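The chain below stands alone and is given in structure tokens; this is the form predicted alone.
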């Protein structure tokens, strides 16, 4: 795909008129999908697709179009030519954009991954044999993801990644299920079997009579997957320069005087170097390997898109247009995994959260529901599954004065979304023990 994309952009170079600049952004994938239900294959399939986003610029006027690429050179050259003429026809009718900013210093790069994924049939046989006898439901998505950038100034960037994500559940009854996932770049049978064993152990606990507890404040353990839901909510408007300058960020109390701080163990990065997303974006800017967002509880920086950089006269760090993170990384704590239950002592072990939203955005107060395998713990032992509860709690308690410990072990979580394309977003998180966590009903 790389050579094909570059040759197509070389062709486009020869089609430009004086004063025109183009930015080309390529997205492609070669993916295998397998959907499971009741431990049987219900829908296997594969997808190969390629798309080109083309932005045409003349002065401070610009317009964008997208087209699907067939892989046939003659067909795609004709499609690109047609799109170019369509965009060219729009430019005279557009106003100048005062916040247009694109990379004009050429910085080419290349990241080419090695495919270490097993054959799909071998993988399928292993999954089916390992989960035999369980009500296993889930989706496997794996294969190559390809991203490229080119412009008429001569810049060429390429990024490829071969990875997999098996997102699945063991279902018991009604709302009781154990949800888990296994994702990575190289399939490890022993690690997969270990995750299945852990899930089966939790499934056995789910078969016990469920317990209901009264609303109130409880000590809780939030798994990395549960924290993932919290950071998903924070990511929309929490870390972007635009939302901070327009006072829409839910993290404003970390920014305005007197500044509020989080717990000193909280250090958060946008860690592009260790993620799976490309280190460049569709305006041609190269992302730094890391952007420090929070350090030892203190807010340090923001994700700055080129547009925000121009508007607020700051330097861009290559953030996407939405200024959402693609590779968040929360530093590990010191709590050993074997000490989670004893530290919890009496409280709630929360594996999953869902339906999160803000109940008070200015206070970064969130509400949502517990989901799937949530357990009541007594004397450092899991004793019963809990019925679904709603929580309502502020980030300044969860990661502030009520945070007791972060785990030393962290989990690398790949976003499971396959809408349009398989997602390249990822996050690395520990678990957290939090005191006085508020459950409302």
Partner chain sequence: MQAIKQRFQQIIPKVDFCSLRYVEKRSEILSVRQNIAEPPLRRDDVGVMITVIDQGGLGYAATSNLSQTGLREAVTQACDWAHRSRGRMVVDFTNFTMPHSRGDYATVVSKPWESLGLGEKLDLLYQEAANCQIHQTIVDWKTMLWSVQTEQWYFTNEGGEIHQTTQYLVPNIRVVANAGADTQYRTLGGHGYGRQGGLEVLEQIGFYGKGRQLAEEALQLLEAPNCPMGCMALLLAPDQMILQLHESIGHPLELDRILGDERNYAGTSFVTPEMFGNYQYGSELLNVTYDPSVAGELANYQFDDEGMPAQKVYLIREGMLLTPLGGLMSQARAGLPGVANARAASWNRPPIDRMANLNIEPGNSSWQAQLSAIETGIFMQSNSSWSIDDSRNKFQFGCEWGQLIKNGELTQVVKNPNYRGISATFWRNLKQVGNQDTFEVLGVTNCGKGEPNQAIQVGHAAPTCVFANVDVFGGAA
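For clarity, a rigid core is taken as the largest C-alpha set superposing within 1.5 Å between two forms. Residue numbers count along the first chain shown, from 1. Computed from a predicted model, the values in this text were never measured in an experiment.
The same protein also has a form predicted in complex with its partner chain, omitted here; what follows describes it.
Of the candidate stretches 217 to 225, 347 to 355, 156 to 164, 287 to 295, only 347 to 355 has residues whose heavy atoms lie within 4.5 Å of its partner chain in the model of the complex. Among the residues 192, 185, 231, 312, the one placing a heavy atom within 4.5 Å of its partner chain in the model of the complex is 312. Note on contacts: among 113, 336, 363, 210, the single residue with a heavy atom within 4.5 Å of its partner chain in the model of the complex is 363. Using a 4.5 Å cut-off to its partner chain in the model of the complex, not one of 131, 378 and 410 places a heavy atom inside that distance. With a 4.5 Å cutoff on heavy atoms, residue 74 does not count as touching its partner chain in the model of the complex; it lies far away.
In the model of the complex, its partner chain sits within 4.5 Å of a heavy atom belonging to residue 371.
At the 4.5 Å threshold, heavy atoms of residue 253 reach its partner chain in the model of the complex.
Interface residue remark: residue 392 is counted as part of the site for its partner chain in the model of the complex, having a heavy atom within 4.5 Å. Residues of 17 to 49 lying near its partner chain in the model of the complex, listed in sequence order, are 32, 33, 34, 35, 37, 38, 40, 41, 42, 43, 44, 45, 46, 47, 48, 49, the criterion being any heavy atom within 4.5 Å. Once the rigid core is overlaid between the shown form and the other one, residue 41 counts among the residues whose Cα shifts by 2 Å or more. The rigid-core alignment places the CA of residue 289 less than 2 Å apart between the shown form and the other one. The Cα shift for residue 246 between the shown form and the other one, taken after rigid core superposition, is smaller than 2 angstroms.
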